[in-house]
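Below sits a lone chain in C-alpha cells, taken as the form predicted alone.
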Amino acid sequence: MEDVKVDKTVDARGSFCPGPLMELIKAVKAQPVGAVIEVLSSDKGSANDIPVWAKKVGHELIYSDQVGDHWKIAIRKTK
C-alpha cells in the first residue's frame, strides 16, 4: 500500500454494492481536485467496482488492498 495522505475516509463496511461506490461518489463530489478519498468496504465487489468506476470517470486509483476482513481502496480526484 502506497504511503499517501488521505484527505477523506468513507467507512462503508457493512454496506453492500452499490452502497460503497455511491458513498464514494458523494465524498468525491464534496472534495477538491487532488484530494485522496479512501473507502473501507466489507463488500468484495467494491474491490472490482470502484477501480473500474475510477478509470471510467478519469480518477486515479491509488491502491486497492484487502486488510483483514475488509478492503481499503483509495482514489485521487483528478477533475
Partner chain sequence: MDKRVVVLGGGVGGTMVANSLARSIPDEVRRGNVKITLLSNEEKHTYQPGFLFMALNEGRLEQFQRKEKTMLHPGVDLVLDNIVKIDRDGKRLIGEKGTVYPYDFLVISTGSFPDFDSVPGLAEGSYNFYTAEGAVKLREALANFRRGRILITIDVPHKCPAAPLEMTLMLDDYFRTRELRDQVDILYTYPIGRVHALQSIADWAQEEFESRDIKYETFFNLTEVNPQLKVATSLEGSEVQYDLLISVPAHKGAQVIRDSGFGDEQGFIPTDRHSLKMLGEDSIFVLGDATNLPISKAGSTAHYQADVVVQNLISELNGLPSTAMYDGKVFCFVESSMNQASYVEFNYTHPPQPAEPSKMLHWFKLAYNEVYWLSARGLL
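Residue numbers count along the first chain shown, from 1. The model shown is predicted, which means the values in this text are computed figures rather than measured ones.
A second form of this protein, the form predicted in complex with its partner chain, is not displayed here; the remarks below concern that form.
With a 4.5 Å cutoff on heavy atoms, S64 does not count as touching its partner chain in the model of the complex; it lies far away.
Under a 4.5 angstroms non-hydrogen atom cutoff, its partner chain in the model of the complex lacks R76 among its neighbouring residues. Under a 4.5 angstroms non-hydrogen atom cutoff, its partner chain in the model of the complex has G14 among its neighbouring residues. In the model of the complex, its partner chain sits within 4.5 Å of a heavy atom belonging to E23. Residues of 38-58 placing a heavy atom within 4.5 Å of its partner chain in the model of the complex, in sequence order: D49, V52, W53, K56, V57.
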